[in-house]
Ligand SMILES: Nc1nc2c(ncn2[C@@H]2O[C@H](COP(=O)(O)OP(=O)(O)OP(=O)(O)O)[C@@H](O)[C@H]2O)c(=O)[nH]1
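Next up: a single chain in structure tokens, the form predicted alone.
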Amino acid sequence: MAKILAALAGTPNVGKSTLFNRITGGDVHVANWPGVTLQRAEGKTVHHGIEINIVDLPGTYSLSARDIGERVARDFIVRKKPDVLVVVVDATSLKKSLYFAVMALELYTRVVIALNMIDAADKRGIHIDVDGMEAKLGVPIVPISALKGIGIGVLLDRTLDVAQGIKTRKELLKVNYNGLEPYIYKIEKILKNENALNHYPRIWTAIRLFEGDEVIVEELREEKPELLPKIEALKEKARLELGEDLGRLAISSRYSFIDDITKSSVIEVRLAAPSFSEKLDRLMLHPLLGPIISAFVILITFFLIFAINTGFPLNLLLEYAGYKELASLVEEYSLSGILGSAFDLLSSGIKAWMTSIGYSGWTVGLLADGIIDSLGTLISFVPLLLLAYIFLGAMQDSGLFPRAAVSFDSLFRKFGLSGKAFFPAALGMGCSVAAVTSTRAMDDDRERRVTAMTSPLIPCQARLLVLLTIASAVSSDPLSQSALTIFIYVLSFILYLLTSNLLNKLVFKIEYAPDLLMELPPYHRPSLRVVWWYARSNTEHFLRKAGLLILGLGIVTWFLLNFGSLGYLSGDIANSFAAYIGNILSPITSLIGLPDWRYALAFEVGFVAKEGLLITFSSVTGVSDPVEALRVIGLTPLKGVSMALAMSYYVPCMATVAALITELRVGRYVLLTILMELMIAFVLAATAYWTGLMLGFT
């Protein structure tokens, strides 16, 4: 079993010992530190098959080695070089407790910051932009409650990330020391030229010498005594030119750095009156009314998200009301419509420009249709994700979402999940990518993996669009169209819960649901800054992790659609490699009542983006209206039901696969997810088709 060494550090009273006991489970060995009477506590835990040996360093206010505790902590970091240094800070008093963290980051790069007492911060209305702080400090920051066990699994994940070099600072933290830098670099150069104090980072050593660190001075006196007069002369020159005590200047500079971080990353909101919270909780936490109210709020939320992003279902409501022109305008000027038009213009403009300068053939197609269209696919996720996270961030910040999780907990526990699995299910209605990435916030490893694997079964906005098109193609009756759509969604939530339960029992061998470790924050009006932090960080995470993979898969798909055995085909899809694969797959799709190779081809293209299903049918039939194209290809009601089931449950899209790869990390789980979705899609579609035939439907 692989092993890593982690050290816990932090100031007194930040909950470091509580966290140590929480992680180790009380299996602790206690002895004295060598040469001193201070106690040394050591423990261990196993996470993802890796043994983490944990040393609890003495609680200290700094790393200046002014007392025995500070010297022991600093010597352990410098000489033992732990794989990870976990610095615990108090979320309710960041300015005070971040000072130690800043000093640690000036000394060491392999750091994780545990933002403890996050539950107490929530109760006080203190919101922290964790991702903003991460960007400024360059290390993982994990909100936790050591007392209640919140966030411990995520903290151990980030600890392994740092130990394995996935998330590690490339260099030590640099603080602006207000004019002291030139002198720091001169001392650094002296130490480098004389090869002195090599066991310490040189810039850090230079700073400590300016602060009068007696331990460093004594070590330098023993190793290179001739350097002390030069360094003292530089210190005196700096003192005279800057006109300030150098130690005080260094301390005030660190606090200025911390002030800049907290001003941009911490906000305190005004909380609702306790009486109002109590009245609302009677409804939100009611065993019967709570889930109904939560589901209603979610539906309204996604109605707004869909309407802004694609115009649906507002465009349908307007069309049914007789306002067809207004319905077309709503769809045309939705975010998706505007972005689609913009990338169409960009693509056609690039084609015209490249043709005018003498380029033709596949190079033009690759750039205009392959790269630009793939980039358009990637960018098209941004407004949807932003909108989803903005609306859901507002619900989260207001205190509604945590209560929704509590209200659904009793139902979800019957299937081996906690109420936290409600979040990915809700997000899945907007975007499967968002659903998968949202599982990062779950503490329990098993629940996080199970939920990431099953949440793509909830049809996203893109699949809803295709589903409505199929329903419109096979029936002109609004009641029949609605019945098919509602049936698919109800079935999806049932499958989400059932497959989660099966994965728990058959794959992860667990019979019980994890405890719902969640603090219920007071109700308050959502802060625009906090909502923006939430939306920005989650969207950026998706773009960073999945962006290149989506672009790469998009270009590969373009190649398959535009090249064949005869070379570049210039739009002749029927002779492409993709069509060749479609012909190979058609015996399989014939088992679900869809024998035409064009169905198989559409499913291939639908892997890039589900809307590609509709575009493919329009391309191969020459009919621009997707509904008419499906009718031309011979889609009957029975085939339509089969196709709707297959489309809804086979692999959502390449962006979702990219998200699964980044979140699950274990290849066999990603493969299992894909195979599971393909099997569910095939079995349901085949069952519906052949049952329909036996009942006399044609």
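These numbers come from a predicted model, not from an experiment. Think of the rigid core as the biggest set of C-alphas that the two forms share within 1.5 Å after superposition. Residue numbers run from 1 along the displayed sequence.
Keep in mind the form predicted together with the ligand is missing from the figure; the text below concerns it.
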item	value
Position in contact with the ligand when the complex is considered in the model of the complex, options Ile615, Leu285, Leu367, Ala120, heavy atoms within 4.5 Å	Ala120
Single option in Leu147, Ile371, Val382, Val217 placed near the ligand in the model of the complex, where near means a heavy atom within 4.5 Å	Leu147
4.5 Å heavy atom contact, Thr687 and the ligand in the model of the complex	no
Ser527 within 4.5 Å of the ligand in the model of the complex, heavy atoms	yes
Ser455 within 4.5 Å of the ligand in the model of the complex, heavy atoms	no
Contact label in the model of the complex: Gly640 to the ligand, heavy atom within 4.5 Å	no
Among 166-174, 428-436, 462-470, 110-118, the region lying within 4.5 Å of the ligand in the model of the complex by heavy atom distance	110-118
The ligand in the model of the complex: contacted by all of Gly153, Arg158 and Glu677, heavy atom 4.5 Å	no
Residues of 56-74 having any heavy atom within 4.5 Å of the ligand in the model of the complex, listed in sequence order	Gly59
Yes/no, His286 Cα shift of 2 Å or more between this form and the one not shown with rigid core fixed	no
After fitting the core, Gly640 CA displacement of 2 Å or more between this form and the one not shown	no
Per-residue C-alpha change between this form and the one not shown, Ala655, threshold 2 Å, rigid core fit	no
Closer or farther: C-alpha pair Phe302/Asp122 in the model of the complex, relative to this form, given a change of 3 Å or more	farther
Note on Gly399-Ala146 C-alpha separation in the model of the complex, which departs from the shown form by 3 angstroms or more	closer
